[in-house]
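Here are two versions of the same chain, shown separately as structure tokens and labelled structure 1 and structure 2.
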Structure 1
């Protein structure tokens, strides 16, 4: 392609959470990048809940952070509150959640994007792609303007043929108050791509001045929570509480009586919605025995009275929404600023993608974010970063970059989308990551630093900071290993901390492995031992977790190597999958129907989880061993 006016190394279509990360990643590879948005004001808009992180999601945000993404930093800069979720559970499923000022988040991200040299933000709607023979060479906007590039990343979110529903009223929209993207979806279908349709929804936003907060439970920011970004030096001090209230039997009765006015149950909406983020209508019908459901009240920002009513996603008519909201304690006089609504939109069947998020049959065309059938800002941003990196690498003629399931939640996310696809909006859950003990949020820097260094998206200062921190942690671990405890020393100190003193001489790191030993015990004991360390609470948490779970980690690493070998294993043609104990019915049906010849083929089937594959592998290995013994 000749160098033309309006020619770029990479073009990104859509400036939501996926789009901005894709554009920034490509720009950081020293390329000329064009970012097109239907509205130049709506950059990285939080369409739904005003938060980043959470269960199965903070890992994605932190992985993004280490590899060079911007989401976690902006979340910290616009933070209203921090929470640690699953704090009482194991480290593999703990998660940080940052409640943000959604307006400040958008404004900070917009300004950051606009400030990057070589990154050009323009307002336009894309309707078609341009080809020279079979070679992708650019795109054309609704206004007829062509822009040229051999690398294009599509990140249109819920905007392709978007249709919003409020009661029995429906209208074209990509988001409430914003137009849908019309034309691009039909063009993609015309070139042979499989386009499907999903549904999602959002909650009402209400006026804080109409809420009686004295009737709700206050949820203060968690002082123990760490920043979401590894590069945030200091957390904001002006944090605010959220509030909690509950639905009740009266609320549920109003909703049940209004079902005939719900587009979800009247047949107006036929596409599939997210199972793990159900509407309040779904909750009431699916869980009839529950007397109440949680309702989270979170400010949308510091300079607005709007409050996000978490847990009450709905598409009932405005009057019905008002009635059931006013049946909730604390909301008796509530005024709705924006009603909740449902939205249907087109998305790409993600099994058409390679692991670098490039379309198999259209070289140079990448897809990322909600347009791939996912839900959530973090899922979108993680895909955006990976697509942006790979579009840039392709532009430079370099090898694609991918992450394995055992390396990152991002690797799990993309592998699930590419190999299995999704029949409902895909949400990242810790249960999807079979190696989640290795993929904790506290060890992201350690496991992804080599990739971060090779990719070069981080500044020299950030890389040096990371390297210094990792080196200090390793040196500290080596020093800890040399500290020995004597049975007769500091007995009163251990007992005052509620700990059983060592009954024999032992290494301190072995004592630290005890279940009752916590990070708060380190300070007094190390002070008594006259040992000083310059480690953060997060560093100590990682060291302690690594020590306590070292046996499980080694076991998991062994299983990973076994899985790598297992992919090459052949599956006997006459195998009766129904005889295998511990194999789920869904897996049996899929295996029996498709009859894969190897684990490489089985891995790509719907209904086959990594756990199911392990059960199958153990069965085949056992049968082969029994057969060999019989022959002998």
Structure 2
């Protein structure tokens, strides 16, 4: 007999970035949620770089923000510095990056999680899942304690069978200073799930007092950057600069000579690591022509002297790390607090999941975060949110929630994981998005508001402020399109802004479409026209970009619409696949066995080549036409 007190609507295993979002999302659906972590102190710990956002990632964080996640808000609350990446490129690839106080981030998230009604945080290590027949009913901790739920979300990050490497030594760990999670991945293999192994690495942390900052370049926080969260009302004032220095040929020489002591090159580590996050060993070896590499020095927090040495991920022995660090300008007498290290861990082959992040063959079991083969906090958090939402929807017996590639980076991420899987730790990149020009930072609210409203994770007040922002933008747009420019007005103003004045009367919105027209031109011109708008910079970027992209957007929308229609195409229930001329046997078998109800589902079946899908689509379309003729 199960005790009611040990039974939950959703259980989340792991309280990293994925885990907390999953638990919060489920809790916000008014469910009873259990969040289990190996350490109740380490909640949403930043294992590596103390920053949220960046290219492709800021979009993920903002999407999560609009849908009702927590990451972006906490990042703003614990910000140390803001940067805009790709500021000189266009809005589709512009990104915000918030460098955070990692201790404050963790502490704020921990307190927030603890404060939620119906969300129970407990320290425990999960080792196995419990089944009744084929039905998932709960899990068991290392101490033998069972907890019951029909929805379980696994978000164990780098912890499963984690093994850290430092020079010639290696030891079991989930993250430096934390125990590995042993037992769970063996259990998962035993129920038939495919588990694989990746590696990743991190940089040394050093003592700020041992750095000569006068020899480095200062990088101040960017005043142009906007907050990561839409709901952040007031930005922190106590921001700090970061510092920049460079490696030099001597650094490279030391590293080259130590190569035999690198576990990456001595063959101790065999699993695949992220190519876009190379260790400094990789950089030196693979790019011998480069005589210097950038090194970012970022404070880890306001209440610590630890400094993150960005760019120098390494797993060389401690003395080697010290030697090459001290060859760098500004770091001549640097003291290492914690060395860099590499870590190997087990992850799940994500092609075993459905688009709601539920294991195809184990209903009720969800996976999210680094355990799915991704890398990065934002990637983890976005999946966590989606898995949490879907676990909650399942508990309530509701239809799954998924996002399309054309509407969100989150959709691209999950679709890539489910459809393709990944051969190296997966990081979001804007080039992965085929609809990149639609998936911008500035239009996240517009893109996802309808979903946010339907999901109802946000508070009433937050939803209202979003809605009023959107309608304000709409009204402003309507007003803007009524403004006309005369041919000979404000000539000197236009010229002083470096703009060609309108040569004939024209609508202001048409003038705004010109390529050379930028957001900074709006202020002075509107002032001269005596028009006032209450819009933020982000709003203006969004309006201007929408105007400039309108041709493309229309074309893209038609394409997307066509694709959608195709995917939604229903497959008649009585269809005998064997009768379709031109379908290979494997396709017929797979279709007959799985009986997809729509073309979208058929696309996801194994054994269906693009050619078979085409034959199927043609057949269905023709049948439908025939039917229509018969009826007529």
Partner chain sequence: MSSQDCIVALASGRAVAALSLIRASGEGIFEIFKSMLQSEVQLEPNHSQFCRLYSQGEPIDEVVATYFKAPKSFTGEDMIEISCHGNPLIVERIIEEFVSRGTRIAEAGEFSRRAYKNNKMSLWDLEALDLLMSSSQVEGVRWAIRSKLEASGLRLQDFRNRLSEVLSQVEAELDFPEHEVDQGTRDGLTKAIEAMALELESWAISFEKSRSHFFSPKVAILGPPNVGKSSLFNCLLGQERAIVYNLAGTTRDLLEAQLRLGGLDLCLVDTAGLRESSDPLERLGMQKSLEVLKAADLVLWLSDQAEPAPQSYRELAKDSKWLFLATKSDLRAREQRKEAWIYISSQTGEGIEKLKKELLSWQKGRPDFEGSLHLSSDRQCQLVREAQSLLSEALDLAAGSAELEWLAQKLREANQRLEPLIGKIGHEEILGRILSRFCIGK
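Being a predicted model, the structure only gives us computed values, none of them experimental. Residue numbers count along the first chain shown, from 1. Between two forms, the rigid core is the largest collection of C-alphas that superpose within 1.5 Å.
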Where is the form predicted alone shown, in structure 1 or in structure 2?
1
Please indicate which of 47, 215, 170, 564 marks the hinge of the motion between structure 1 and structure 2, where one rigid part turns against the other.
564
Turn of the lesser rigid segment against the greater one between structure 1 and structure 2, rounded to whole degrees
79
Expressed in angstrom, the C-alpha movement of residue 600 between structure 1 and structure 2 on a rigid core superposition is 7.7
If you line up the core, how far does the Cα of residue 559 move between structure 1 and structure 2, in Å?
3.3
